[in-house]
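What follows is a single chain, given as C-alpha cells, in the form predicted alone.
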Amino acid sequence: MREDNVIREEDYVLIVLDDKRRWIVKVRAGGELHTHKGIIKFDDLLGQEFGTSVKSSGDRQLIVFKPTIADMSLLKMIRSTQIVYPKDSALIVIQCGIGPGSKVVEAGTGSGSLTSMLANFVRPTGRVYSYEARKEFLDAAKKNLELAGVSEWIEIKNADIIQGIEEKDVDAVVLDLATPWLAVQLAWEALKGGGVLTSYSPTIEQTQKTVKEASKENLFGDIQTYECFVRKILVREGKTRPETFMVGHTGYMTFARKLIKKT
C-alpha cells in the first residue's frame, strides 16, 4: 500500500456524482470517462489528491475518491455467483476476530467478494485459504481478487472442502456452501482451540442443520446466529426519512467456537 494519497496512472478511482451515479475506472493518460453529465478527462486527475473535485465538460462537479474493497465488490467485480454483501462480510470479520496474521479457511470462493474482505484484514502476515469446487468460477474470482489488490494473501484451491481441509490450527473457517453441515466436523479438525466456525446460508433450513451438527458431541460452544440489516437514511433538512428501497434478507450467519474434547 502506498503512503501518498496522489492519483497516478493505472490507479483505480471512484468518481461520484451523487448517491446513484458512481463509476470505478482505471486512470490512463489521455483517457476519458463519458457520462450523461459530460466528459471527465483523466489527464485532469493525474497528480491530484484523492478527495479532489473535478468539473465535467457539462459543467458538473464530481468528486474523485480512492475506492474501498466494498466499492470494488459492489461496483466493479465480475459476479459469477451471488456475492456476500459488505454488511455481512463486516460482521463475519468482527465475530471471527480476524486481523493481521490470522489464518482463515474459506469455502467456496464464488466471485471472491468475501475472500477479498478476509484477505484485506489478514494482511500483511496472514493468509486466506479459499476452496472452490467449481472450476468455472475460478477465473472470474482470480480477476476480482487481483482487481481488489489482495491476491498476495490468498491461496485458491480448486477442491471440494467436503473432501477434506489440509490446513490445521487455523483461526477461522468460513463456509458459504449449499451443505455447510457436511463440513462442520472437518472445520473442527482444522481449527485451533477456541477458533471460530462461521456458516453463511440464505435459508433457515440450512442454518438449522448446521447448528444441529455443530451442537453434537460438544464440538462447538457459544453458538449464535444473526441476520444483519442495514437501512440507509436520506438526510435532508425538513424531510429526513429512511430510503424507500433497501437490501433486505441476504443470509443467516452462524458463529460457533471450537471446544477441546476431554479424553
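Just so it is clear, the model here is predicted, and its values are computed rather than measured. Numbers for residues come from their place in the sequence shown, where the first is 1.
We do not show the form predicted together with a small molecule, though everything after this point is about it.
Engineer: Among 155-163, 121-129, 185-193, 93-101, which stretch has residues with heavy atoms no more than 4.5 Å from the small molecule in the model of the complex?
Structural biologist: Contact criterion met by 155-163 only.
Engineer: Can you check whether residue 151 is within 4.5 Å of the small molecule in the model of the complex, heavy atom basis?
Structural biologist: No.
Engineer: Counting only non-hydrogen atoms and a 4.5 angstroms cut-off, does residue 170 reach the small molecule in the model of the complex?
Structural biologist: Looking in the model of the complex, residue contacts with the small molecule do not include residue 170, since no heavy atom lies within 4.5 Å.
Engineer: Please run the contact check for residue 72 against the small molecule in the model of the complex: heavy atoms, 4.5 angstroms, yes or no?
Structural biologist: Contact check for residue 72: no, nothing within 4.5 Å of the small molecule in the model of the complex.
Engineer: I'd like to check something about residue 140: if you look in the model of the complex, is any of its heavy atoms closer than or equal to 4.5 Å to a heavy atom of the small molecule?
Structural biologist: Taking the distances in the model of the complex, the answer for residue 140 is no, it never comes within 4.5 Å of the small molecule.
Engineer: Taking 21, 24 and 68 as the candidate spot, are all three within 4.5 angstroms of the small molecule in the model of the complex by heavy atoms?
Structural biologist: No: no residue has a heavy atom within 4.5 Å of the partner.
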